[in-house]
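Presented as structure tokens, the chain that follows is alone, the form predicted alone.
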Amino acid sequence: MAPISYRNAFVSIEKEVYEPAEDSFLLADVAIDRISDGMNVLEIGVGSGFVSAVVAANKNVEPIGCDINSDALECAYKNGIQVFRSNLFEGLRKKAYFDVILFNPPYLPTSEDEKLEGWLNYAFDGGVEGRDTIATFFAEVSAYLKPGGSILLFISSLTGKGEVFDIMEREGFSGYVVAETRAFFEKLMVIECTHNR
């Protein structure tokens, strides 16, 4: 695939790694707006490293990223991102360390016959309702956020905005939509979330 140039970042993409699309661009734009110099930033599901690379190209921060896909980790590392292999938070000690956690989860409602072969399924498959990974994420994330820290979460109207807010609230989070755009069959949104400690 051809390299992508966006907002001072130049990112190469490899096969078996999610290619940045409208969701990636929207999350990257919001991240630049919401992240300040010197913050500790984690990107869950770093993929190619596109969002983190855009942040690093525009702010004085060094995001780290994790992914379950070893091909994605290699790609993100080549794009200048510090990475480690993990399924969500499995590879981290429970420590309130991060100012901002970025997450573009697998959000598509996916039945058994819609699953993809290989690593790319992890980028898309959100379970039957599209919210399985999001629910697991919110059950665990508070242990890794600094007091006053925030989450920038990408979702789609296909995921169910109201249902995602219900998940957040059950886990003690509040949030609001900070950016949205329309794709041809869905509305794309980024939600900024904070924990109600």
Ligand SMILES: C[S@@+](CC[C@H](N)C(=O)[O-])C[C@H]1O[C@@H](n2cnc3c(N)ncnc32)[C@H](O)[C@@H]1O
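For every residue, the number given is its place in the sequence shown, counted from 1. Because the structure is a prediction, the values reported are computed rather than measured.
One more form of this protein should be noted, the form predicted together with the named molecule, which is absent from this view; the next part is about it.
Trainee: Heavy atoms, 4.5 Å, the named molecule in the predicted complex: which of 61-69, 165-173, 32-40, 144-152 makes the cut? Say which one.
Mentor: In the other structure, the partner sits against 61-69.
Trainee: Tell me, yes or no, whether residue 79 is in contact with the named molecule in the predicted complex, where a contact means a heavy atom of each within 4.5 Å.
Mentor: Answer no; every heavy atom of residue 79 is more than 4.5 Å from the named molecule in the predicted complex.
Trainee: Give a yes/no on whether residue 92 approaches the named molecule to within 4.5 Å in the predicted complex, heavy atoms considered.
Mentor: No, residue 92 sits far enough from the named molecule in the predicted complex that none of its heavy atoms falls within 4.5 Å.
Trainee: Is residue 133 close enough to touch the named molecule in the predicted complex, meaning at least one heavy atom pair within 4.5 Å?
Mentor: Although the named molecule is absent here, residue 133 would touch it in the predicted complex, with heavy atoms inside 4.5 Å.
Trainee: At 4.5 Å, heavy atom to heavy atom, what parts of 82-97 sit next to the named molecule in the predicted complex? List them in sequence order, or say none.
Mentor: If the 4.5 Å heavy-atom criterion is applied to the named molecule in the predicted complex, 82-97 yields 86, 87, 88.
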